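Below, in structure tokens: the form predicted alone, a single chain.
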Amino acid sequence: MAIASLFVVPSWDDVRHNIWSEEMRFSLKLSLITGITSTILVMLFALPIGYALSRFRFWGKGLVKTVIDMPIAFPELVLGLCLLLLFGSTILRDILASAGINFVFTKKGIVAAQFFTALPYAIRIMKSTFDYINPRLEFVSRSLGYSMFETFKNISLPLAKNGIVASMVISFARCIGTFGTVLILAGGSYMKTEILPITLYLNISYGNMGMALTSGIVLMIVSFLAIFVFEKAEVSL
């Protein structure tokens, strides 16, 4: 009922007007660009980290898993504050600034915020995926002369394809929906760092409920399409 009310309460004439507005087009485009970029980066890190946590034993493994999982338990505002301090008040800021990189109140900050919000979820999914793959298959591959990388590429990755698709979809959904972390690190600047959740927040603040409801509907549609694509891909795999 709560979800249905989002589609029943708004005036559809208002929605049609707002959905073609410059602000909505900017917000949707920025959300998709940053969401896709963040998802690609998340998967590049989640795959090797999830595999390492599943296959290797090393000192401090439990601590590493706890640190990786901690952002899941954090409120997004707290995670955003931690990132703001990391990229704005430490020596890392100076190192990045010397390379011309600034994450604070910029579009790069959106990607960073989405990345750190979604990464723990992707790692958990990939670790669980590799846990269910029999390691004996990899041992056989290695015994036949294949390197660890060749075994990972030709044996582990194909067997993990369902988990990879699931991880990508969940990561994309988390990236698109990230609000608090983006608000603190990248700011909520109108037509600058304005992704869809920021559009919803800003327009509620302004009292412009038509635009706020429209951005909520667009977020719901994007999330639905992501889940729909995942279901179709899972069936075909």
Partner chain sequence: MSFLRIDNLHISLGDFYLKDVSFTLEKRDYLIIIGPTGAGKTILLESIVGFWKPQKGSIYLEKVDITNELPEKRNIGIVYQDYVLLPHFTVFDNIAYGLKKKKCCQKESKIREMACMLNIDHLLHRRPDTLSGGEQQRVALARALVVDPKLLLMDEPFSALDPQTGRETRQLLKRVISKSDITVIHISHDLNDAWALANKTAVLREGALLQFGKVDEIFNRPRSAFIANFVGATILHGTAEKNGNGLTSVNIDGVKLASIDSAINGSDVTVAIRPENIIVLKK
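Quick caveat, the model's predicted, so the values are computed rather than measured. Numbering follows the first chain given and starts at 1.
From this point on, the text means the form predicted together with its partner chain, which you will not see here.
**Student:** Looking in the model of the complex, any heavy atom of residue 145 within 4.5 Å of its partner chain?
**Tutor:** Contact check for residue 145: yes, within 4.5 Å of its partner chain in the model of the complex.
**Student:** Using heavy atoms and a 4.5 Å limit, would one call residue 134 a contact residue for its partner chain in the model of the complex?
**Tutor:** Yes, residue 134 is a contact residue.
**Student:** Is the gap between residue 155 and its partner chain in the model of the complex 4.5 Å or less for some heavy atom pair?
**Tutor:** Within the cut-off, so yes.
**Student:** For residue 106, is any heavy atom within 4.5 Å of its partner chain in the model of the complex, or not?
**Tutor:** Residue 106 lies outside the contact set for its partner chain.
**Student:** Of the residues 73, 92, 78, 140, which one places a heavy atom within 4.5 Å of its partner chain in the model of the complex?
**Tutor:** That would be 140.
**Student:** Give me the residue from 166, 111, 159, 84 that has a heavy atom within 4.5 Å of its partner chain in the model of the complex.
**Tutor:** Only one option qualifies, and that one is 159.
**Student:** Looking at 117-125, 97-105, 146-154, 84-92, which lies within 4.5 angstroms of its partner chain in the model of the complex, counting heavy atoms?
**Tutor:** Partner-contacting stretch among the options: 146-154.
**Student:** If we check its partner chain in the model of the complex, which of the residues in 34-67 reach within 4.5 angstroms of it by a non-hydrogen atom?
**Tutor:** Heavy-atom contacts within 4.5 Å come from 57 alone.
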